[in-house]
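Shown next as C-alpha cells: one chain only, the form predicted on its own.
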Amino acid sequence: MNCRSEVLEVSVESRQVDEAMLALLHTILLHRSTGKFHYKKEGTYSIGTVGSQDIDCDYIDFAFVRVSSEELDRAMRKSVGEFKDALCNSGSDGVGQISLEFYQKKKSRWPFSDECIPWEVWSIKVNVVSLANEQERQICREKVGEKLGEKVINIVEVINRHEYLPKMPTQSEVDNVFDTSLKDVQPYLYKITYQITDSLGTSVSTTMRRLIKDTLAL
C-alpha cells in the first residue's frame, strides 16, 4: 500500500499556534470521521450522523468547522498544547512540525503485536515569528487568516481526489480501521506526532515578514 503524504506550511506568532493547528487538524478530521457504526448482523450496519460546529478564532481573523465532539476536541487540544509547549521551550527559532497519520491495523499471529500500516500522513510545518508591535500583530492576524483559508481549500481539494481509503470493515474488524473509543464520532485510526527542529526552511517566515512590511508601507 502506498501511503499518501501531504505537507502544509504556516507562519504564525506564538499566541496563534493553538488556533492555527486546531483549524487545520480539525478540518482534516472532519473529512476523516464517520458517525458511529450500528451493526444489525455481520455485514449489515447503519451509520449514525456526524454533527458539525463553527469555531471562531480569538487571535486570527478566521473561523473553521469541526466535528461536534467534545472528546475529539479535547484529544486535539491536548496534542496541540504539548506541541506548542515543546515549540516555545525548545530554545530554537520556534520551528517545528506536527503530523497527523492515519493508519489501519493488520492482525499478526501470537506472540507478535498488530502491525500498524499508515495510508495517509498530513505534516504541518510551523514557524513562529516575533512581531514588534500591535500594528504588526493586527496585520499578522489578517494575513494568517487568509493563509489558513487557502490551506483549508487545499485540504478539501486533496481529500476530494477519491484516492485510497480503507474498505468498510466487518463488525469483527471495525477496530482495525476506526477509533471506536469515542462515544459520539468514529474517526479513522490516527496518531499525532511532532518534532522540534531548526533545520526546516525559513522561507515561510520570510514571506510573512515581507507581507507585513509591504502592508505597513501602503
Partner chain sequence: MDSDLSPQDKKDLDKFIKFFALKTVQVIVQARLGEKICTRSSSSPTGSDWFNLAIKDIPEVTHEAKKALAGQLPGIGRSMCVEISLKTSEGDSMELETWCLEMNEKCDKDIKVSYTVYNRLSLLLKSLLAITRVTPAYKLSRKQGHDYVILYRIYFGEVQLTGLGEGFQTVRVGIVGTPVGTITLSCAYRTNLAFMSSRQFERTAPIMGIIIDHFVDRPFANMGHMHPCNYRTAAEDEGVTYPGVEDSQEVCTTSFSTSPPSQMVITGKEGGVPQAPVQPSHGIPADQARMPTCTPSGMTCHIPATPSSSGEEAETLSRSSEAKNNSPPDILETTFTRKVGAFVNKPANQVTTACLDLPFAAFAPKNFDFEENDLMVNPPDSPVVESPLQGSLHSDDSTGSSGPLQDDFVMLDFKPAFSKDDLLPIDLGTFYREFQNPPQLSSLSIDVSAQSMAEDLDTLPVKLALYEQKIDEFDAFVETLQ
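Since the model is a prediction, treat every value here as computed from it, not as a measurement. Numbering follows the first chain given and starts at 1.
Beyond what is shown, the protein has a form predicted in complex with its partner chain; the following relates to that form.
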(request) Given its partner chain in the model of the complex, answer whether the residues Asp56, Val65 and Val156 all have a heavy atom inside 4.5 Å of it. (result) yes
(message) Can you tell me whether Leu30 touches its partner chain? I mean in the model of the complex, with a 4.5 angstroms heavy atom cut-off.
(response) yes
(message) Taking any heavy atom pair closer than or equal to 4.5 Å as contact, tell me whether Ser181 reaches its partner chain in the model of the complex.
(response) no
(message) Can you tell me if Ile192 lies within 4.5 angstroms of its partner chain in the model of the complex, counting non-hydrogen atoms only?
(response) no
(request) Answer yes if any heavy atom of Asp175 is within 4.5 Å of a heavy atom of its partner chain in the model of the complex; otherwise answer no. (result) no
(request) Just give me the residues of 148 to 164, first to last, that have a heavy atom within 4.5 Å of its partner chain in the model of the complex. (result) Gly149, Val152, Ile153, Val156, Ile159, Asn160, His162
